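Heads up, the chain below is alone and in the form predicted on its own; it's given as structure tokens.
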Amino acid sequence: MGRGPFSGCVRAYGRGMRDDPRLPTSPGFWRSPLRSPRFTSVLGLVLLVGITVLFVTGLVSYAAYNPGLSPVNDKTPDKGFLGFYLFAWPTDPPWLYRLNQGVHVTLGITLIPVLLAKLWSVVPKLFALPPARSLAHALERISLVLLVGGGLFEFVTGVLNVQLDYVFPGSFYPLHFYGAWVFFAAFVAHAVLKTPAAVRNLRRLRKGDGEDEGDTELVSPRPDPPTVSRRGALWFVGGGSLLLFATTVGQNVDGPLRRTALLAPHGGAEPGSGPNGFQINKTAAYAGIDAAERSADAWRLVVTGRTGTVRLSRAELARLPLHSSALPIACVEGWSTSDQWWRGVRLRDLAALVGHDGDPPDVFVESLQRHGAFRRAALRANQVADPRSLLALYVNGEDLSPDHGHPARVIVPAAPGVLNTKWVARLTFGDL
């Protein structure tokens, strides 16, 4: 059956698609002299290390939300076995989340030129015919398609979220979480298949030998005249990464470097002056905070626990024993503040007011906020018990401003910024 005239036409048509230089399925269509196994191998090994760090820091960032504590913290409720690694997030060191998320976002942005160059270098393989020459080749092609699609999706959604301009349908959290697992699975499969060849290519590069003959799909049979060397192209990619690093990293570093973060939404100069003149994500107006609702006459903190409910005005809170903590705010978008001096009532002292002496339990925090995510959040018992965890009334010696959470906000060491709830209205200690 396979030897009839029709099958002969199909084979001839397939050969025509491979040989016609006007079509992307033809090796002759891709004429850049820069593409080569060596060029791709260098980029691939950089990504092998960088993307592994990105994946690990991303998983750690998700664990920092304590998604297993309460449904309100879990933005990916159908994760199933993918949550196998989750652990109780610690409060020490207090800069842990700041470091983790700073590395995650800054490294992700720095790798963008490397990723784009790597995708450009392997584009001919996406169109190569036949689609599969062997089982190993078929697996490589499948992993490559998932790698390209997953990589673009993860980097695009991540950048949009960092820039506070997220436009994809659905929540960023589950899309980025599941996308990361698909992308990394394809990345691991591709790395297993291609790393040996990449290492061989780099060894040949050091010895001055020729290219790896096993990946000739990347080499154009009729290249255009070169305008830059492959080494020059690698320097160009590295320079692009260095530029993105220099214009991003400062949003997570104290001192003069903060002014160099020109491409970061929270880079540059401080957004204001005075004790409350540091970065914020949500203003009181954006969150729908009613000024009358947080006024001294109307606002009361409701604290509920083992022995019942207590209602406290801000003046009554200010008469309780007050403590200070020097802590930053660090957000999922990769930016953080320098340490600010917060002053307020310890969360564990508020737990004691409603019968939780000794080891305090978890707490469920509710905000006056009407718009946006994390209007409600939960904190673990170890976070409540930490003496640096406060319901803050003051920052840097003055009352909190409305945008920083007046009349009261939570501040907890090493917690993601969204768990440091602003405009707190109610604290419920005990089983969640």
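Rigid core here is just the name for the largest C-alpha set that superposes within 1.5 Å across the two forms. So that there is no doubt, residue numbering starts at 1 and follows the sequence shown. The shown structure was predicted, so the numbers you read here are calculated from the model rather than taken from an experiment.
One more form of this protein, predicted in complex with a small molecule, exists but is not displayed; see below.
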>> Please tell me whether the candidate spot formed by T52, L144 and H190 is one where all three residues come within 4.5 Å of the small molecule in the predicted bound form (heavy atoms).
In response: no
> Is there a heavy atom of I280 lying 4.5 Å or less from a heavy atom of the small molecule in the predicted bound form?
Replying inline: yes
>> Contact with the small molecule in the predicted bound form for R380, defined as at least one heavy atom pair within 4.5 Å: yes or no?
In response: no
>> With the partner left out here, check for me: in the predicted bound form, does some heavy atom of F364 sit within 4.5 Å of the small molecule?
In response: no
> Is there a heavy atom of R388 lying 4.5 Å or less from a heavy atom of the small molecule in the predicted bound form?
Replying inline: no
> Which one of I329, L350, V105, L218 is close to the small molecule in the predicted bound form, taking close to mean a heavy atom within 4.5 Å?
Replying inline: I329
>> Heavy atoms within 4.5 Å of the small molecule in the predicted bound form: which stretch in 221-229, 281-289, 304-312, 134-142 meets that?
In response: 281-289
> For D254, is the C-alpha shift between the shown form and the other one 2 Å or more after core superposition?
Replying inline: yes
